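Shown next as structure tokens: one chain only, the form predicted alone.
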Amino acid sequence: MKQIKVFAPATVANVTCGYDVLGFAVENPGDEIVARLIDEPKVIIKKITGDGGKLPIEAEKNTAGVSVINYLKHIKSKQGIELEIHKKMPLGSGLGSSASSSVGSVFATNLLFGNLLSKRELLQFTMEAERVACGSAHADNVAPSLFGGLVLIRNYDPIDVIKIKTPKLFATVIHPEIIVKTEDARNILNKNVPLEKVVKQCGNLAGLITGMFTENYELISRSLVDEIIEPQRAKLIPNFYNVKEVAIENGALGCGISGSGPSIFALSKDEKTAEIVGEKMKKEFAKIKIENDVFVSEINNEGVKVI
């Protein structure tokens, strides 16, 4: 095999009450990555589309390139990889754009080399790529893009990732065309949190995971509450609380900020409800003249795949 093309899905990180420890994959949007074996022991990014010229073409500065560079070093390869990156999602959207690129590229590379490593072994390379993107080797975007489904990061040192069983759930994701930098969204967070709020947040996280395993939609809905992060980040997204309110009024189980924003997600029991929720959220942003894109899909349990 000399060439392969893969799709790596976008992700929703945090899932309201699981800051830096929860994330799930969606069916769309995502990134398409083409990888080719080359004889020179280096990584070349031949082409990037869909980014408006914003992403670095130098492999060592691009998450897709960084994950492959580290992979090739690990296996001590004498061959290299040429990459094409086709961005199919907005940059800086809070949907794990950088994570999708790194996951897709290293997954494709591993297949070209005969599937030498498991997905769990590939996780380390995608996390290091995230460090390049935002200064932190977090896994709440790369893990769900890699494994699919809803993923819990129980611990980071050593990394301990668990895939959580979920009932049938549909995600509505709306991306308003505003800019929220991940660095800014992290810097505004207060590092001193009242114990009472921590206790409530732990209860919501436990309730959400229990609700997923037991297919208890009412418990899932009650648990999709963020006591700590959302109240601080909501100010970065105009009309956030109105958008959230219309989502829940129209049948969503819950609604919150996707990752560091500005995208917002809602979870629903069925596709029709998810689509109605999307229409209502879209109209709410239109009231303040903010253009937006809406994506509706079932939770993606497969993750990155060959296309």
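Keep in mind that this is a model prediction, so the values were computed, not measured. When you see a residue number, it is the position in the sequence shown, counting from 1.
Missing here is the form predicted in complex with ligand HSE; even so, the following discussion is about that form.
Although the partner is absent here, D20 is a contact residue: one of its heavy atoms lies within 4.5 angstroms of ligand HSE in the predicted bound form. Taking non-hydrogen atoms only, H175 never approaches ligand HSE to within 4.5 angstroms in the predicted bound form. Within this chain, S221 is remote from the site of ligand HSE in the predicted bound form, having no heavy atom within 4.5 Å. Using a 4.5 angstroms threshold between heavy atoms, G30 stays clear of ligand HSE in the predicted bound form. Only one segment in the set 75 to 83, 205 to 213, 139 to 147, 117 to 125 has any non-hydrogen atom within 4.5 angstroms of ligand HSE in the predicted bound form, and it is 139 to 147. Of the candidates K200, K163, R186, K88, R186 is the one whose heavy atoms come within 4.5 Å of ligand HSE in the predicted bound form; the others do not.
For the partner-free chain shown, G259, S260 of 235 to 262 come within 4.5 angstroms of ligand HSE in the predicted bound form, judged by any non-hydrogen atom.
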